[in-house]
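To begin, one chain is listed below as structure tokens, in the form predicted on its own.
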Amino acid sequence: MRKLVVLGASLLALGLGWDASAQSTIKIGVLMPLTGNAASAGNSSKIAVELGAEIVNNAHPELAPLPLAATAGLPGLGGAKIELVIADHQGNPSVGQSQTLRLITQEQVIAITGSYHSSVTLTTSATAERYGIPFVNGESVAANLTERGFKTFFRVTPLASDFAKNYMDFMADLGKAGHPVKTLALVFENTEYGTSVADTVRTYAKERGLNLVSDIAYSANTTDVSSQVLQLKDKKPDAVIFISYTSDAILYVKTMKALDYLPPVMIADNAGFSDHSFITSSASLAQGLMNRSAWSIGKPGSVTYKVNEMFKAKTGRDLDDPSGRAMQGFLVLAEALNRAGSTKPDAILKALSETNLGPDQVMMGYKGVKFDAKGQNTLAATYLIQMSGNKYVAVWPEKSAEKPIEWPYKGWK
């Protein structure tokens, strides 16, 4: 269990050290990009977290064995309900930092979840650490987030190294099936998220003997990627891995069509490529696109199917992986808060460090949730999905596949 060094004077000054077990409502801060180039994904994640709060606050026995679904409120805190205080960080780390400070000092939230962008999570979680406030992250994958020695930061999602290994294993399986991948290109947005995933992919690619023929960093706010696509077209890699947010993901596939470029294998690192706005606007341009995911709707009658139906009733669309991971992060925080039986930071942090959920107690395709000394979920897992028609379907590994892999990448053709 990780020990917390609490800034006692600061907590007392802010009034954050009380035990709120008798309160009727308990405030949790939610940080998401509700405006900016990832606004679509941020708003979808916001709705997913709100659905998570609805499941916790009201009795949903049909969703058992999800923790807290069968009861109304938090039994460990006298049936208290969770009140979400939502803040827009705009995809800007400095805005995220100031919003976190506001949530803690003015709104007096007892814990925080978010922030989608790894670059924003870097600053928001640092502020929470400074004030001794528990921070549970469900979406950000940059490897360095759990390498800072923080005591208040817990990450539920898989991280960059998990994805990089999966990509290498997938490409090795393609080779065994008669579709060898010997050359690779990396295209990544240049903040914490993109650079972290790219770093781990480079490391694993070198270990596997892959030749990295293009290594392209770009700004997610760019409006022209013609030069990047032309570079890929010139180098002709066997596979390209894109690490992008929503607006840039859409821009890339449109530019690829305009310049008539189709790589044999195109892999997306979730994020923008999983956003519903990418799927609705660009699925027809990205047929056969591979993507990572830990979310599956599941069979009719399953817990995940029912959760998806609830989300669809609110939005008119299916739950996607990033939103699902945000919701899972919130549910893990709520479960720990209930076990803590207190809103004191040290009690919540102790409960988080002792979290031990099995695969049937989580809505994502993880093996469960159990944190190591750094706050990383050691039971997080992922698999690969492929764009087919207007949706993604699971194709790898074979044991999780809904249908065989389609090869090569078809794009718009």
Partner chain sequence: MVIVQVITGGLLLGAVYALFSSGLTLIWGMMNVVNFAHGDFVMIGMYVAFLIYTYLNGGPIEFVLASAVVLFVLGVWSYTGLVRHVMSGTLLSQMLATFGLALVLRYATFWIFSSNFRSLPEDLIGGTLNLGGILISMPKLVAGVVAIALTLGLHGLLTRTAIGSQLLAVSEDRNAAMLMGIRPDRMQALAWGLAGAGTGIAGALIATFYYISPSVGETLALVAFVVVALGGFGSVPGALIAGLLIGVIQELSAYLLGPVYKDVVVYALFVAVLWIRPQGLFGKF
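Just so it is clear, the structure is predicted and the values come from calculations on it, not from any experiment. Positions refer to the first chain, counted from 1.
Omitted here: the form predicted in complex with the partner chain. The next part is about that form.
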ask   = Does any heavy atom of Gly36 come within 4.5 Å of a heavy atom of the partner chain in the model of the complex?
value = yes
query = Does Ser227 reach the partner chain in the model of the complex, with heavy atoms at most 4.5 Å apart?
reply = yes
inquiry  = Just checking whether Thr246 would be counted as a contact of the partner chain in the model of the complex - the rule being heavy atoms within 4.5 angstroms.
reply    = yes
key: 4.5 Å heavy atom contact, Ala172 and the partner chain in the model of the complex   = no
query = For the spot marked by Ile216, Leu251 and Asp260, is every residue within 4.5 Å of the partner chain in the model of the complex through some heavy atom?
reply = yes
query = Which one of these stretches, 233-241, 326-334, 110-118, 197-205, sits within 4.5 Å of the partner chain in the model of the complex when only heavy atoms are counted?
reply = 233-241
query = Looking at Leu285, Val95, Met310, Val303, which is the one with a non-hydrogen atom within 4.5 Å of the partner chain in the model of the complex?
reply = Leu285
task = Find the only residue in Lys165, Lys151, His276, Arg339 having a heavy atom within 4.5 Å of the partner chain in the model of the complex.
result = His276
